[in-house]
Every structure is written in structure tokens, then in C-alpha cells.
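This document starts with one chain, in the form predicted on its own, laid out as C-alpha cells.
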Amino acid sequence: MIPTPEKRIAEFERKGFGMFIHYGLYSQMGKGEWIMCNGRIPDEKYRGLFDTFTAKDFDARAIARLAKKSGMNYITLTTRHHEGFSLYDTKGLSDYDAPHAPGCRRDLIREFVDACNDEGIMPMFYHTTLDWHVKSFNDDFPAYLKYLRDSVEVLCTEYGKIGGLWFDGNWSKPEVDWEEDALYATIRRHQPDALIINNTGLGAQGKLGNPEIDSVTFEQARPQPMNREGMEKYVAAEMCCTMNDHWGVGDNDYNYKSLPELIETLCACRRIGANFLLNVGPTGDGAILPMQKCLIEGIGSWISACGGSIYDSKPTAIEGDGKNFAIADENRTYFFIHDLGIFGQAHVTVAGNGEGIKHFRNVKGRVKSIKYVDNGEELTFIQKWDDLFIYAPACPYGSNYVVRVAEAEIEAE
């Protein structure tokens, strides 16, 4: 038996698409978020970035509006990354935070939460559990864990209702007791409806952890279907990935994923009911790079044209050939058809098109009608028992949806 998801988890699954933001002192160097470790920069030297941090172009309102415009329903922002610098007022726990940075003097998390709330976006807090700055992490681990809990308590009590906490770093010390029960109890005490996520890292995709965890993670890898049969608690799934090869901005990282790849990845996540958390790495001053902004807006344009079903629809038992699949809400079933290409003369179309009959199996009930979501074109189909054959025309010249979606009305058996 599959357990019924708790309200916060069911609502999280319907969010579908979110923005990840990695921003910190490291952003000023433009060499990724791990530069302190990978560059073997001593803490004393690295702290010089604290003195030059301004965040003058960090515009939380513009970021929240970009997310909303592009079909993203939540944003997960690094309140503190492994470097140990916080974007929030730590209330005396440390002076190594944005409000104390001489060139900033702002609580960026306050600005972030206010902007998200105003734009109808759910604010999520990334918080590291690994810390390269605080000496107790290596010298007095129990004291460090108290510092971590106290830091999280600040986030849970100073910013109103939050969407959840997204932790990262337990994989750095797999042999120790991280006292997760105490950490999560702190969250439940102050934010009972907040999601709790703890990233299991590249080496443990989709691994289940503490019973309080609300979602497993798939870092940089498309999620696999979850078998929730017999689970004590329904747990969601989320894939997080970068646009290129770095989470924090890499000034010389040009290895961007293409817009078609990102659209297909979003679809692959929603195929199994997982959320897609797509990362941006702002510049040292806090601005979103034009390339990253354009890619996000491109995904949003695709969602507006034919991907609106990704939020409320759930996985089905319907099987398609290759990458094709179907999801369904209470009223409609949506068939996601890949690689159709465009229709036109051979002189102007690249590599022809993939239009033709698309076969879907395990289609229960009588199919009454099928039409493309993008233009309402009625499609020809033949149903034989549970097999459905749809004739899927290519995209009209002047468009290429990468993944074209057909909406079907099916009468239940």
C-alpha cells in the first residue's frame, strides 16, 4: 500500500519547477562555489572576500518575478554555503554574514523572503551542514552542531512562514552522528509545515534518510521512479542540476546545456512526479547572467505554450515508445511526444521530421478526443483495447516545441 502524502509534500509535488540560487563570497572570484577548497585558499586569506562583498546588483524582487514569469513556483537560495558565510543576520552567532559585510550591510534573506511572498513564490532555504570557516567543525563537532542548530533556529524564527530547509554536507563526514533528530526537531517546533530535505549527494541518488525527510534528491541526474509501496511515509523526489558545470558562477564556464535538453529534463522529471530544481549562479555583484536568464525564460515560454499540465498531473501506467510518456490530472490525460521536428520543404527543414504514428500502451478507458495543446489541432487516433495509436503531425513551420503535448479526453471504464 502506498501512503497518502502529507499536505506539505503533496503541495510541494504540485510546485513542479523551481529555481536554485548559489550565491556567496565565492561568486566574486567567478571560479565556482568550491574555490576555497579546490584552490586551497586559507580562511584568513579567503576572508578578504568578506571586505569586498557588496551584492549591489542582487535584486530579490527581479529574481522572484523572473521565476514567476518562467513557471517556477519556488526558489531555494543558499543562506549559507560551505565557505561559512551567511546571507542572513545570524543574530550574534557570527559576524561573518551579509549584514556585517562593510560593503553590503543588508539582510539578503529578508529581501528574498519579502520578494517571494509578494510574488507568490515559495521561499526555500538551502543551508550547509559542512563548514570550512568555523573551527569547531573539525575541533569540537558537538559544539559545531549546536552552532548549526542555533543558525537554523534563526532562519525558522526571523522570517515568517518558510517553504522549507534544504541541507547539504552530511556526506562530508559519513561516519559521525549528525544529530539529525535534534536539528529537524528544531524546524518542526518553529515551522511545522516546512519541508525538510537533506541532499544525499552525487554518490547516493534518491537515497532515503531520516524519517523526517520529506523529499529525496537526485543531484545532476534524472530521477528514477520511486517505489513507495510499503513506505511508512510518502516521500517526494527532486532533481537539482546546473545549467553548465558549476553551481556558483564560473566566469569561463561556457559548457551550457541547451534549451531543448532543459525542456526534456523538466519533462523527464514530471514523468515520474519529481520536481525540477534548476540552478543559477549570480555574479559577484548579485546579477543573474543573461544566458541563464534567457534559458529560464525559454523554458517558461515552452510551459506557456504547451506545458501547463506539468503541475497538477501525476504519473500514469501508460507507456510510450522511446522518451514518449503520459501524465494525467483529474480530467485529462496528456501525451508528451518527443522529436517531432518541423514540417516544411526539404530545403529549409533540418533532418526532416519525426511525424507519424505514436504507440501508447496501457491506456485504460475509451478515448473520446485528442488535440495538441499548443494550437488545438484535433489528432487522428485508433484505439485497440489498451493500445492507442496517435498520428502526430510535426510542428508547423516556424515552430519546434521539442516536446509536443497532446491533450486527451478519456472516458473511464
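All residue numbers are counted from 1 along the displayed sequence. As the structure is a prediction and not an experimental result, all values here were calculated from the model.
Separately, the form predicted together with a small molecule exists; it is not shown, and the next lines address it.
Proximity of residue 20 to the small molecule in the predicted bound form: non-hydrogen atoms within 4.5 Å are present.
Taking the partner from the other structure, the small molecule in the predicted bound form has no heavy atom within 4.5 Å of any heavy atom of residue 325. In the predicted bound form, the small molecule sits within 4.5 Å of a heavy atom belonging to residue 171. The closest heavy atom approach of residue 338 to the small molecule in the predicted bound form falls outside 4.5 Å. No member of the trio 12, 276 and 312 reaches the small molecule in the predicted bound form with any non-hydrogen atom inside 4.5 Å. This chain lacks the partner; the member of 214, 131, 97, 219 within 4.5 angstroms of the small molecule in the predicted bound form by a non-hydrogen atom is 219. Only one of 159, 302, 88, 166 comes within 4.5 Å of the small molecule in the predicted bound form through a heavy atom, and that residue is 166. Partner proximity in the predicted bound form, defined as non-hydrogen atoms within 4.5 angstroms of the small molecule, places exactly one of 354-362, 33-41, 375-383, 59-67 at the interface: 33-41.
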